[in-house]
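Take a look at this one chain, the form predicted on its own, written out in structure tokens.
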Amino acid sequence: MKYKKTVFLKNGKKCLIRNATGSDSESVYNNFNLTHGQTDFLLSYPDENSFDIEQEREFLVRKEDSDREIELCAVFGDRIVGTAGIEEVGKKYKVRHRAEFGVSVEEDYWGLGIGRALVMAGIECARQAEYLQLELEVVRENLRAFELYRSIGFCEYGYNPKGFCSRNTGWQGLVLMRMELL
């Protein structure tokens, strides 16, 4: 799936939100490892990255060629500072209307509106792919992300009190959120 849009951030500077391509593999790989080491609110730790740079390239090429999935990146200046992705829940009839969504932004760029821009781009792409529901999970203590999702229109539909087992803090509750895209 292809996507490209320039947005203005809270500091007045421009940020390009676009689909990541195979040629972005090293930057996306490095961004994943960096962001997953900067917060305890993401699914995995850097040492759990199951891709190498070549596997990342193959993944990004598949996403670019897909009609229903995408890996987005936020480019600030000449550097990728955030990513977001949409993945189908499944191909079977009963779940093909649903997509999962995730986002991460480098800590130095928090608070500028990049996360919001990535979420809005993800919603736009999910609608283009004709999904009817976009879903995500957010660590309850991640108040900034939780409030961002709520302000955009995601609603809470469940809670898993032992959703993550953090190496640093123990159990983390996950709030299950969804947005209808009708």
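Predicted model only: the values in this text are computed from it and were never measured. Note that residue numbering follows the sequence shown and begins at 1.
Form predicted in complex with a small molecule: not shown, discussed below.
When you look in the predicted bound form, the only residue of Leu134, Ala145, Val28, Ala121 with a non-hydrogen atom within 4.5 Å of the small molecule is Ala145. Note on the partner interface in the predicted bound form: the residue among Phe32, Phe59, Phe51, Phe41 having a heavy atom within 4.5 angstroms of the small molecule is Phe41.
Segments offered: 153-161, 33-41, 59-67, 124-132. Contacting the small molecule in the predicted bound form at heavy atom distances within 4.5 Å is 33-41. Proximity of Trp110 to the small molecule in the predicted bound form: non-hydrogen atoms within 4.5 Å are present.
Proximity of Val105 to the small molecule in the predicted bound form: non-hydrogen atoms within 4.5 Å are present.
Looking at Lys10, you'd find a heavy atom of it within 4.5 angstroms of the small molecule in the predicted bound form.
When contacts are judged by a 4.5 Å heavy atom cut-off, Arg116 counts as touching the small molecule in the predicted bound form.
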